[in-house]
Ligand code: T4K
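Consider the single chain below, provided in structure tokens and representing the form predicted on its own.
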Amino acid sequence: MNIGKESLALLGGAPVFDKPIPVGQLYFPSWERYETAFRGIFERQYYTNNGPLLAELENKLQHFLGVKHAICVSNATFGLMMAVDALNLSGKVITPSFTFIASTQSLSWAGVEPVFCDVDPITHQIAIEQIDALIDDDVTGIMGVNLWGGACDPVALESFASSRNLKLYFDSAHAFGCKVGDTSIANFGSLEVFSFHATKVLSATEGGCICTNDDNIAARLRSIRPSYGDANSVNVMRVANARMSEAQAAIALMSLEDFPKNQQKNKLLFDIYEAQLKHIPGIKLVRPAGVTFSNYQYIVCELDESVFGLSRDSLIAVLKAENVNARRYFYPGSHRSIEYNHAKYNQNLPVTDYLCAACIQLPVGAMVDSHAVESICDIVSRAHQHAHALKTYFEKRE
């Protein structure tokens, strides 16, 4: 059906959605489950410092992920900062610039200099073949980043890091529940860090965990966190107040129980996006790469302005006028952010620069159903059909 351009909100129509549709997961338990869990916390009067719910959560995460140690923390940024100390990293660490800025800042906070690597143009994962040229005598490690419910070929990275005598760990904030072959993400490198932010498929509203199969690293992490009363405490240079509360653990336990159905819903919505968007010129849905099982936590597309007819930022404006909170992700690349945008850091990252200008994140998760996805795809289609009128609109506003 050919709908007139005036049906777009920016061109005079009414918004498709009555209220904003968020991009994040935002899966939360029912009020009844929430109330029961929190009544237990208040009855026990045990709110933090390795309480019974935290212990239960860590045990269940270890079983679910098939990993020896899961150390829960207040958020993933703390986890990434702790990882640097736990691994005794120093000097420089190689990492992609195409990531959330906290990944990079965790290195700077810990006194380590990031060395930026470009990413693969198809998978968006770190370009392993470019790492060798970035290694010098000061490089002590590599931080891989597993993006979009996919993975950056952790087996190949393990082999590469071992051959160069470098330590390897992963920011796996996007990859909870994902698998490479029969192995869960959580079991690669020296350790992996997950996010349990509300926008992630496993939510503690805010939180995270660090997974490792190394007893010594686990002991260091628990001492850095810290874990008062732990008989396995070891000496560390510094500690962080990164303990997860019982309230966070309670929500994470319910979210872990709900993971299968939430992942299935994400997959259903992903499939609808894929079926609808493939007919629209100039927009390409990014499939999770390098995994045999994905959480489908993100709907990320690349927009080719020359084919679609509008820039990524213009499409975001069109969608927001319809109450669809699409976003650019990531923008800018870490190497273009204020702290790192100078010659001291590698600026020759053409793929990262392109993706930061081309990628758009669309809604998926608890606040979205199949009808909403179809409507969002229809908005994108109409934006392409009426790109000329929309460009004129934007030019008049400049």
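Quick note: we count residues from 1 along the sequence shown, nothing fancier. Remember, predicted model here, so these are calculated numbers, not experimental data.
One more form of this protein, predicted together with this ligand, exists but is not displayed; see below.
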Within 4.5 Å, heavy atoms only: does residue 294 come near this ligand in the predicted bound form?
no
Wondering, does residue 77 line up within 4.5 Å of this ligand in the predicted bound form on heavy atoms?
yes
Verify the contact flag for residue 22: yes if a non-hydrogen atom of it lies within 4.5 Å of a non-hydrogen atom of this ligand in the predicted bound form, no if not.
yes
Could you confirm whether residue 103 comes within 4.5 Å of this ligand in the predicted bound form, counting heavy atoms only?
yes
Which residue, 323, 108, 199, 90, has a heavy atom that falls within 4.5 Å of this ligand in the predicted bound form?
199
By the heavy atom within 4.5 Å rule, which residue out of 284, 287, 267, 327 makes contact with this ligand in the predicted bound form?
327
With a 4.5 Å heavy atom cut-off to this ligand in the predicted bound form, the contacting stretch among 307-315, 168-176, 120-128, 250-258 is 168-176
Partner contacts for 31-63, taking this ligand in the predicted bound form and a 4.5 Å heavy atom cut-off:
none
